[in-house]
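Have a look below at one chain only, the form predicted alone, in structure tokens format.
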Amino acid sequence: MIKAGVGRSNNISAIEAGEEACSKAIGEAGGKADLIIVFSTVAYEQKEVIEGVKSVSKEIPLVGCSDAGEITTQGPTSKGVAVMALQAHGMEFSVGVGNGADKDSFSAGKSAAEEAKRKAKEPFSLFLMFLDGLAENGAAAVRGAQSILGENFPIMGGSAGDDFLFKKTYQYCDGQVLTNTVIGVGLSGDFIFGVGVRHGWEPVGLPMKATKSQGGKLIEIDNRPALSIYEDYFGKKAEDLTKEPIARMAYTYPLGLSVQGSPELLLRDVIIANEKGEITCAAEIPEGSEIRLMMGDSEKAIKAAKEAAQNALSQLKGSLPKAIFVFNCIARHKLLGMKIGEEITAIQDVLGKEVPLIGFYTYGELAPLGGMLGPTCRPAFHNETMALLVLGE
């Protein structure tokens, strides 16, 4: 049996906000829980938020991260804290932590999966990950977990945010507030789940080639400085594009690359650029990749979210949704503006308006390409994408 409850608070006091959100979540879950999931604004003192949550949740395992906005059953919000209490008889949750994601994201992802797997009594069916959204390479963290779990093993999750500041993000594990880490949660036992992964962005202009790259750093495109793609499109000089994080201007113009197994181009956010014309992306763009400049459209983004929900529901094979997790890029929030609620409503129209829902606006999403499970499941690091996870019985 799966029973979930969700609470949120925008109390001016970080401690009281954590207490209020957790109390409501546990109350809605029937007074007890087996896992607590927390997403919070960095406007709160992080240790105080977790102190407030823990004052209510006590010894229940706790995971989560800072965000760029919260999502609950009531819809999107910001500058608050959201908590889900998950009560799941017949399920087991095993938590692992990987450190040093800013130096070696692969090893951090591997360590998180290793620790979680070592603690588990039964084999996992699903793995959740919460990453540092400003660490070295989110795609490498996914590969690190795959090295332990298998390349076709389903991995879902998101990269922590910091309210669009791009300075420092935080990850939560029990009473600890961490940074530069990967938090992993293995789910095993008697349950069913479905996933949905869509973005709706479309390419503009001609294909180009990544002629020089190194991890998350894109150095040259078509043998020119990588930043030239944005100089040409926006009509701005490199010095104008490097005054602040380029992500603040180019969030609706990510880069897309062709990957096998995905019906859409895989998106990469540009985060910062330097005077040399190099672009640092949220994850790697392999050298030799064909890339396109992409453009977002609000109506197509909402349609994509609905399609993701439909895909997730179909994978439940008739089971009723019991809990919904939304990992949604901050760029989609910026693109939709006043329409952000419509995107969440589109999901709920498919999955049920009363089904407990929690999520956050991320700096990157982890999900199988095309929302595929089984032998064709290929987990990847996404940007600007709606990634949904639905638990059922």
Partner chain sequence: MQKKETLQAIITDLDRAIKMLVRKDFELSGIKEKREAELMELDHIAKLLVRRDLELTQIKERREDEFQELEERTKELEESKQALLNILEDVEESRMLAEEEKNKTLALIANFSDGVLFFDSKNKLSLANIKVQDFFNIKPDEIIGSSLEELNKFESLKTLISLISSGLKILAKTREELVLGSSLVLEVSTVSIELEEQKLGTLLILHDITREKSVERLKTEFVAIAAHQLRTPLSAIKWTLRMFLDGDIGDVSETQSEFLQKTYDSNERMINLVNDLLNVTRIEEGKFLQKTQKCNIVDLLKEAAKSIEDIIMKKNLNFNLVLPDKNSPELNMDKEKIILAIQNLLENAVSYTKIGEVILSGAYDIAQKRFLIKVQDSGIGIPKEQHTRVFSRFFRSSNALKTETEGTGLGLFIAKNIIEAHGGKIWFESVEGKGTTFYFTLPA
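Numbering follows the first chain given and starts at 1. A quick note: this is a predicted structure, and the numbers were derived from the prediction, not measured.
The form predicted in complex with its partner chain is left out here; the points below concern that form.
_Of 251, 124, 191, 106, the one that lies within 4.5 Å of its partner chain in the model of the complex (heavy atoms)_ = So the residue touching its partner chain in the model of the complex, by this definition, is 251.
_Residue (of 293, 210, 140, 177) lying close to its partner chain in the model of the complex, criterion heavy atoms within 4.5 Å_ = Exactly one residue meets the criterion: 293.
*Looking in the model of the complex, any heavy atom of residue 165 within 4.5 Å of its partner chain?*
Contact check for residue 165: no, nothing within 4.5 Å of its partner chain in the model of the complex.
_Even though the partner isn't displayed, in the model of the complex is residue 335 close enough to its partner chain, meaning a heavy atom within 4.5 Å?_
So residue 335 counts as contacting its partner chain.
*asked:* residue 217 versus its partner chain, in the model of the complex: is there a non-hydrogen atom within 4.5 Å?
replied: Close contact is absent here: in the model of the complex, residue 217 is far from its partner chain, nothing within 4.5 Å, heavy atoms only.
*Using heavy atoms and a 4.5 Å limit, would one call residue 236 a contact residue for its partner chain in the model of the complex?*
Taking the distances in the model of the complex, the answer for residue 236 is yes, it comes within 4.5 Å of its partner chain.
*Want to guess which of 201-209, 152-160, 179-187, 303-311 is within 4.5 Å of its partner chain in the model of the complex, heavy atoms only?*
Residues of 201-209 come within 4.5 Å of the partner.
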